[in-house]
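Shown below, as structure tokens, is a lone chain in the form predicted on its own; questions about how it binds or moves come after it.
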Amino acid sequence: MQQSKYLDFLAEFGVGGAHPGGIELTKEIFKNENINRLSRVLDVGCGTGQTAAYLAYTYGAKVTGMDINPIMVDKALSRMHSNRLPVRVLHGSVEEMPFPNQSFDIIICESVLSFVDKPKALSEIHRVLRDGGRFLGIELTVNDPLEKELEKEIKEFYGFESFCSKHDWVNLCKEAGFENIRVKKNKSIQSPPDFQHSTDISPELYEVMAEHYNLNLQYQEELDYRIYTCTK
């Protein structure tokens, strides 16, 4: 994973639901899945734990959250403690997860895979899912190839490894061994993020926040997203 001032901003501001559509879109995706008290669910790149907490509270599922940023892990643990939720939260990378094979029934990634080695991450997700398990992803998807200068600017700011079209994502999922791949686009659902601010936030990160919003506004047609669901 590349260094990313954007991810530093998310961690220090404790942004929950930063992915497109936010928590309300996530809730809508879960309605189409068979989640219950026996479900073993992994939230990869769980951030402050907003989605993991929702899963545990609403479905009573056996939830694990994992994030590579230790600040996010601390904030997720704080969320679970304050809400008295039995969610396990670990520090770790999606590229090399500390779980045995077939550990989970459902794995969700919300704006995570664009920051990492995609084939390696998807291979790990496939490994730790049980046979018949479900992978749910909300990921950055470009509609057309970006101009070289724009691609460089956005990569450097966000720390993205690469950009993928819808067809690229589908092919990556197939190569990892997934089947029954479905792609959806739902821009009718939006929800504001929540925040768990750190103390003494660097003034530089306020500038990063402003640049993030400006880039999103300026390139909202180029930087799109899709919902990907598939089965092991």
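Just so you know, these numbers come straight off a predicted model, no measurement behind them. Don't overthink the numbering: it's just position in the shown sequence, from 1.
The same protein has a further form, the form predicted in complex with a small molecule, not shown here; the description that follows concerns it.
**Q** Report yes if all three of 7, 17 and 47 come within 4.5 Å of the small molecule in the predicted bound form by some heavy atom, otherwise no.
**A** Yes, each of 7, 17 and 47 comes within 4.5 Å of the small molecule in the predicted bound form.
**Q** Work out which of 145, 119, 86, 92 lies within 4.5 Å of the small molecule in the predicted bound form, going by heavy atoms.
**A** Checking each option against the small molecule in the predicted bound form, the one that comes within 4.5 Å is 92.
**Q** 78, 123, 102, 111: which sits within 4.5 Å of the small molecule in the predicted bound form by any heavy atom?
**A** Exactly one listed residue reaches within 4.5 Å, namely 111.
**Q** Tell me the stretch among 62-70, 201-209, 172-180, 29-37 that has any heavy atom within 4.5 angstroms of the small molecule in the predicted bound form.
**A** Going by heavy atoms within 4.5 Å, the stretch is 62-70.
**Q** In the predicted bound form, is there a heavy atom of the small molecule that lies within 4.5 Å of any heavy atom of residue 115, even though the partner is absent here?
**A** It does: once the small molecule is placed as it appears in the predicted bound form, residue 115 has a heavy atom within 4.5 Å of it.
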